[in-house]
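Listed next as structure tokens is one chain, alone, in the form predicted alone.
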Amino acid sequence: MLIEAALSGLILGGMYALVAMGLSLQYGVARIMNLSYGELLVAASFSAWALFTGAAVNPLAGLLAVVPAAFAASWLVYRLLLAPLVRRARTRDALEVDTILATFGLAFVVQGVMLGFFGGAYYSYGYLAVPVKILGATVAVNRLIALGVAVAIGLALYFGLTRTRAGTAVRAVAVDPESARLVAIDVRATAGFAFALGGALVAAGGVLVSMFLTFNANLGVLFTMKALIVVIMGGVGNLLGALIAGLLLGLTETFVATWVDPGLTLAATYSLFLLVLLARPQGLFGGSGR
């Protein structure tokens, strides 16, 4: 039972980490705290459901359509809604307030559209929900595939940010936008790219989550809160911190649900969050470079 709980916790934590990495990029580079973040995850889940049930497209193939669409949609949101706020903001604090209010409103718009199309019912679909044994523990194949794809995406993101010129530009803007301008980096274009990339990551997380969890149009705020908790716990803008914090959160929730009471998972989540903030207000890896 311990191994089964640990595997479930790692799978859930891997999803949390993948989703939080996208929000960490959006805030760490574009300086935008996106409160509509979870709605994009739910929209991606519905897209995967529609492709699977309507056109028999499996979710892994659906990633090839949903992720680029989410990247394009996020880029458009940045260009049409957020870029004007960035241009007029005189300080970083003013930018944060403006973008929080704008994305808060956007969250309700997206949620309303999804409620209009799908209502408030819960949705799910069966894709490779076949149990297998690993070290005596039973786990569904779709969960293992979701974890494997999440790991692959995380590694691709890491190598993209550390081994390419575009990744170097993203990291430079995250550390110091003013200095980045001095070396001919287009800060606004890079911020827009990072925001869109964050949207692509959360959409990938939405497709993977839809493979083994039920979802409805009202769950966006829950995923936004979980992503915020992971980002703050790990250290704002720190991708390694998001990974570690996501795994910690997933393991905590699973162990509490298995050995204590499933109704206490939310309390355990916020208790862990508060303990980390009390011990390290800057987050687990807040002191390291981004």
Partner chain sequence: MLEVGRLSVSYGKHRAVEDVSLCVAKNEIVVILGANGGGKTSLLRAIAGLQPALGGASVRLSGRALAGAPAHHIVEAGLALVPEGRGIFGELTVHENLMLGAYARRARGAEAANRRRVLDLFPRLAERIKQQARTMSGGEQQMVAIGRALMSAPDFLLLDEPSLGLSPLLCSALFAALARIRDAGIGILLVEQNARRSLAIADRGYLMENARIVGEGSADSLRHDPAVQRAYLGVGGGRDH
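Numbering follows the first chain given and starts at 1. Nothing here was measured: the structure is a model prediction, and the numbers come from that model.
Missing here is the form predicted together with the partner chain; even so, the following discussion is about that form.
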Checklist line | Partner contact for Leu80 in the predicted bound form: the partner chain, 4.5 angstroms, heavy atom | finding: no
Next item on the list: Report yes if any heavy atom of Ala191 sits within 4.5 Å of a heavy atom of the partner chain in the predicted bound form; otherwise report no.
Entry: no
Next item on the list: Check whether Asp186 has any heavy atom within 4.5 Å of a heavy atom of the partner chain in the predicted bound form, and answer yes or no.
Entry: yes
Next item on the list: Answer with yes or no whether Arg92 is in contact with the partner chain in the predicted bound form, where contact means some heavy atom within 4.5 Å.
Entry: no
Notebook entry, point to check: Quick one: which of 209-217, 127-135, 142-150, 156-164 gets within 4.5 Å of the partner chain in the predicted bound form, going by heavy atoms?
Noted result: 156-164
Next item on the list: Taking 4.5 Å between heavy atoms as the contact cutoff, choose which of Met114, Leu85, Ala172, Ala107 touches the partner chain in the predicted bound form.
Entry: Ala172
Item checked: the partner chain in the predicted bound form - contacting residues of 173-187, heavy atom within 4.5 Å -> Val175, Asp176, Glu178, Ser179, Ala180, Arg181, Leu182, Val183, Ala184, Ile185, Asp186
